[in-house]
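Okay, so here's just one chain, in C-alpha cells, the form predicted alone.
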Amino acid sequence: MDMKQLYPKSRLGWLWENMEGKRGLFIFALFGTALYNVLQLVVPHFSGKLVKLFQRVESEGLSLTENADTFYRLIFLMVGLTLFRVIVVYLDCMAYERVSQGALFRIRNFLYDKIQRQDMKFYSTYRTGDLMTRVTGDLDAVRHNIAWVIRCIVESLTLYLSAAVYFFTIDWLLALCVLSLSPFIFLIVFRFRRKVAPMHKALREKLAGMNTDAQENISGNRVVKAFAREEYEKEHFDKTNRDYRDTNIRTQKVWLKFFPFVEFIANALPVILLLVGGMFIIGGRIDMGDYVAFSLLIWAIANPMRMMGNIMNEFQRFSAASDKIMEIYYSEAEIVDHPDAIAHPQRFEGRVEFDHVSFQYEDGKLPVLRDITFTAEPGETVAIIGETGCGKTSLIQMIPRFYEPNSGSVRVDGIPVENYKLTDLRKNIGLATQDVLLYSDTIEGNISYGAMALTAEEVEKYARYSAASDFIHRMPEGYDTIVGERGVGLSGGQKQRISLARALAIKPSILILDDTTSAVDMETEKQIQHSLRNLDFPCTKIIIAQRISTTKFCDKILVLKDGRILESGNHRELVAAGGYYAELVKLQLGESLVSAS
C-alpha cells in the first residue's frame, strides 16, 4: 500500500500531527530515552576503573587505604549516576504515557466527529463492528506505538550505538570482532518484516469481522431467540473466533521461525568475547579492567538484537492498524456544504418541489427513481403510496440531502437543497421512520432529543400529538422511564409514537413520516391523523403510507410504481380514475365502502 498516494501524510507524520500540544514533551521523552541508555555505560565503565585500581594497587604494592578517596569517588559516581538514571527513566515513562494518551484522546474525538458527519454512502460501506474496532482496538495499537514501540526503537539504537562507540574507545579490533555478527541480525529482521506485514493486515480484518458478528448478534438477540438459533450463532461465532485465533497464531509463528537464528547470534557474542578477549589479555593487548567493561556491557549489544524482532512485529501491527484508522481519518463525505451555501436559520415556508428527479444507487444496476416531478405547497399533506421497492423511501431521503439525485433538482422554498447549509436544512425537517431508533435515555430525553430546551409541559404536548401520552403516564416513572437500548421494553407502536413526538418537537417546517403508524391500531392512528391536521405550527407533511385510512384525507396522493409516478391526485380523484389506487381501496375497504368514499 502506497501511503503517499492514499493519504496526505505518512503514518509517522500523521502521529506527529496528532501530538499537537505535546510535541515538546515527546521530544523531551526521546532525549530522555537516549540519555538514560547512555547512562547504561556507567556501571561497566566504573567497574572497569575499579578493577584497574585494584590491579594497580596490587602490582605497585600500594596500600588500598591510601587510594580510598579514589575508590569512594568511583563508588559514589556509580551509585549517584545510577539513581539519576532511575529518575530519568521514571519521568520518561510518564512523558510517553501523557503524549500517547493525549494523541489517543485527540484521534478518537476526531474519528467520532468524522464518523458523525459522514453521509449515507459511508454507512452502507462500513459495518458497525468494523468501525467500533477502528476506534478501540486499532487505536490502542496506535497508542502502544507511541508509548512503547518508538521508545524501544530509540532505546535499542541508543544503547547499541553508545555501547559500540564505547567498545571502540577501549579496543577497536575487539569491538569489530564483537560487532561482526550485527549485519546478519538486520538481514533476518528485514526478511521477517516482509513476511509479517500482510499477516498483520489480515489479523486486523479478522478482528473487525469477529467484532461485527458479535455486535450484530447482540443487537439482534430477539431475532436469534425467536428462531431458536442460539446454537447456530454460537457455532458461527466460534468459527469466527477460531479463525481469528489461528491467524494470530500463524502471525506469531512467523517470528518463531526467525527467533532461533537471532537468539543464536545474540548468545554467540559472549562466546566471541571470551575467545577473542581471552587471547587479547594473554597477548597483553587489553587488561582485565577493559575485559570487565566489555563483559558487563556485552548485553547492550545482544539485547537490542533480541528486541528488534519484537519491535518490528509491533510496528507492523501499528502499520496495519493505522492504515485502517487513517482510511476513516482522511475520508471525506460527498454530501457537504457547498462553498457558497446559504445560511437560513429562520423557518422555511415549507414548499417542496421535485423537478424531473432521477436517482440510482452507486452499487445498483437499475434506476430507483425516474423523472419524478411534483410540488408540495406550504401546509399541504402529500401521501406517497406504492408497492415495496418502488422508491418511496429513496424519494423522501432526497429532501434532507441524505442522497442527491443523479439528474433533476429538489428544491425547498424555490431554492435547490444543495444550496442550503446542511444544518439549517435538516433542522427544519422532522423525520420519523418505520424502523425506530431510541437511545438508552428517558422517554423525555428521547422526545426532546432535537430540541433540548423543551419544558416538561411542551414534551407532554408533543406526546399528546403522537397519542403517546396515555401509555407514558401508565409507566411506573412516566416521562422519566429509562427505555432500553433501541427501545427494548416498548412495543413497536409505542416506539413509533415516541419517534413521531420527537420529530414534532422541533416544530419542523417539513415533516416526513416513513410509514410511521404501521405498528399502531386503527383508533390510535385516527387520533394521530387528527393531531397532524391540527398542529399549532405551520408544517408541510410528506407521508409514506400503506393504509388508505392514512391517505384518505391528504391533499395530494402520489402513486409510485417502478420508480415513476403512476398516478397523482386526491383520494376522490384517484378512486374515480379506477387505477392502481382504486384497486388498493377495494382491497382494503371492500366494494361497498369504495362507492361511499
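Keep in mind that this is a model prediction, so the values were computed, not measured. Each residue number is its position in the shown sequence, starting from 1.
Another form, the form predicted together with 2'-deoxyguanosine-5'-triphosphate (DGT), is not on view; read the next lines as being about it.
Engineer: Please name which of the stretches 391-399, 275-283, 239-247, 161-169 has residues with heavy atoms lying within 4.5 Å of 2'-deoxyguanosine-5'-triphosphate (DGT) in the model of the complex.
Structural biologist: Heavy atoms within 4.5 Å of 2'-deoxyguanosine-5'-triphosphate (DGT) in the model of the complex occur in 391-399.
Engineer: State the residue from I188, I328, V368, V357 whose non-hydrogen atoms include one within 4.5 Å of 2'-deoxyguanosine-5'-triphosphate (DGT) in the model of the complex.
Structural biologist: Selected residue: V368.
Engineer: Using a 4.5 Å heavy atom cut-off, which residue among Y479, Y403, Y291, F318 comes into contact with 2'-deoxyguanosine-5'-triphosphate (DGT) in the model of the complex?
Structural biologist: It is Y403.
Engineer: Looking in the model of the complex, is 2'-deoxyguanosine-5'-triphosphate (DGT) within 4.5 angstroms of a heavy atom from every one of D363, Q434 and Q546?
Structural biologist: Yes, each of D363, Q434 and Q546 comes within 4.5 Å of 2'-deoxyguanosine-5'-triphosphate (DGT) in the model of the complex.
Engineer: Using a 4.5 angstroms cut-off on non-hydrogen atoms, would E216 count as touching 2'-deoxyguanosine-5'-triphosphate (DGT) in the model of the complex?
Structural biologist: Outside the cut-off, so no.
Engineer: Is there any non-hydrogen atom of D140 lying within 4.5 Å of 2'-deoxyguanosine-5'-triphosphate (DGT) in the model of the complex?
Structural biologist: Contact check for D140: no, nothing within 4.5 Å of 2'-deoxyguanosine-5'-triphosphate (DGT) in the model of the complex.
Engineer: Report yes if any heavy atom of E263 sits within 4.5 Å of a heavy atom of 2'-deoxyguanosine-5'-triphosphate (DGT) in the model of the complex; otherwise report no.
Structural biologist: Heavy-atom contact with 2'-deoxyguanosine-5'-triphosphate (DGT) at 4.5 Å: absent for E263.
Engineer: Can you check whether E387 is within 4.5 Å of 2'-deoxyguanosine-5'-triphosphate (DGT) in the model of the complex, heavy atom basis?
Structural biologist: Yes.
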